[in-house]
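Here you get one chain, nothing else, as structure tokens; it is the form predicted on its own.
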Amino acid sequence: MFLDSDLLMSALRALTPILLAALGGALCERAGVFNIGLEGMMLMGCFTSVATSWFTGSPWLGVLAAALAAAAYSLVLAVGAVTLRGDAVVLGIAMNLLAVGLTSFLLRTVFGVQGTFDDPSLAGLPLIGGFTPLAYLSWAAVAVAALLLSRHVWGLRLRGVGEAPDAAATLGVSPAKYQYGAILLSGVLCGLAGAQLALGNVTLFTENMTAGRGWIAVVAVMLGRAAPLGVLLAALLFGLAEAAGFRLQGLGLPQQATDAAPYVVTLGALFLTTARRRRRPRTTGAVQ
């Protein structure tokens, strides 16, 4: 049977890194910063978690180091887009490209290997009920983010900064302060996503191992309209697509075709969403 509990478990495991990164992107979007640097931050988290876990023997120190490293890397976007008023899209693309080159260079420098670092002594994250603790954390983060954005003063001010920064400034709220906070939080979440990918889903580091998951997280933010529950549903869709790809590969389909499954779903979802948004104003005008 194609649709079974094993497929759902695989989808939930694939969901975790995408969900964590997408929640970070959603916070940035609510603050008025379009963050497409999620891929690069995740990749930095992947390498840092593996390097720290290997040197210290503790996967939890690897998770902590990944969160800190990705948060530090996110400062490139914060300083460039918020302080220097640069283009966030250009900065995000540059961060993604830099992360690929930098982690490849560090792989050769630190471990003396090319392509993939895989060592039996590398400690991965423990499993609880078939999932790592970061998976449960990602699900809890959805509820926390939803309450934060709808009930807490910080979340309400963050939304105000994103929707009307000038009006927020006249009320004594610093847009730069909240945008910095959102970007740094996105860095932490992307670092956790990278740690989950490198120490949870697998236990190794390979060059460009995020393989577009950061870009999928950006699409999840767009499909979910930067709402935590919407982001969760969008990320779950992509997790199911990735799990279905692995299942189809086991049934004999070529790897190239099954690897493309999440990206085909991404393109299809973007097409449907864009078509729906373009049709909506026309319908409104016809009614009037």
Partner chain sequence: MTPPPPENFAVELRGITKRFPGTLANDAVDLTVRHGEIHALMGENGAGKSTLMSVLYGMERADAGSIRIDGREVRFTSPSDAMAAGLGMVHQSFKLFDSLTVAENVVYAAEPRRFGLVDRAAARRRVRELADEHGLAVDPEARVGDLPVGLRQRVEILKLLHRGARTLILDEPTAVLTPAEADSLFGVLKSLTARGRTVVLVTHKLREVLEGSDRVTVLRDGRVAARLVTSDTTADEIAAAMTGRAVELDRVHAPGTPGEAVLRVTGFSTDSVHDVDLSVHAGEIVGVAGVAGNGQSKLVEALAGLRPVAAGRVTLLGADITHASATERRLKGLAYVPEDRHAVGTAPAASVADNLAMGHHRTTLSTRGLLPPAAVRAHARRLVERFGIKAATTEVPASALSGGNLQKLLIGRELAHEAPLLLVEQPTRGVDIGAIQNIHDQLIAYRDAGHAVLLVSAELSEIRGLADRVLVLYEGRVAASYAKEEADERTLGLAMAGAPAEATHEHEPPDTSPRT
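Positions refer to the first chain, counted from 1. Computed from a prediction, not measured in an experiment: that's the story for all the values here.
One more form of this protein, predicted together with its partner chain, exists but is not displayed; see below.
K.L.:
Heavy atom within 4.5 Å of its partner chain in the predicted bound form: which of Ala168, Ala123, Ala141, Val188?
P.N.:
For this set of options, the contacting one is Ala168.
K.L.:
Going by a heavy atom distance of 4.5 Å, is His152 a contact of its partner chain in the predicted bound form?
P.N.:
Yes.
K.L.:
Could you tell me if Ala164 has a non-hydrogen atom within 4.5 Å of its partner chain in the predicted bound form?
P.N.:
Looking in the predicted bound form, residue contacts with its partner chain include Ala164, since a heavy atom lies within 4.5 Å.
K.L.:
Do Val173 and its partner chain come within 4.5 Å of each other in the predicted bound form, heavy atoms counted?
P.N.:
Yes, Val173 lies within 4.5 Å of its partner chain in the predicted bound form.
K.L.:
Could you confirm whether Pro133 comes within 4.5 Å of its partner chain in the predicted bound form, counting heavy atoms only?
P.N.:
Taking the distances in the predicted bound form, the answer for Pro133 is no, it never comes within 4.5 Å of its partner chain.
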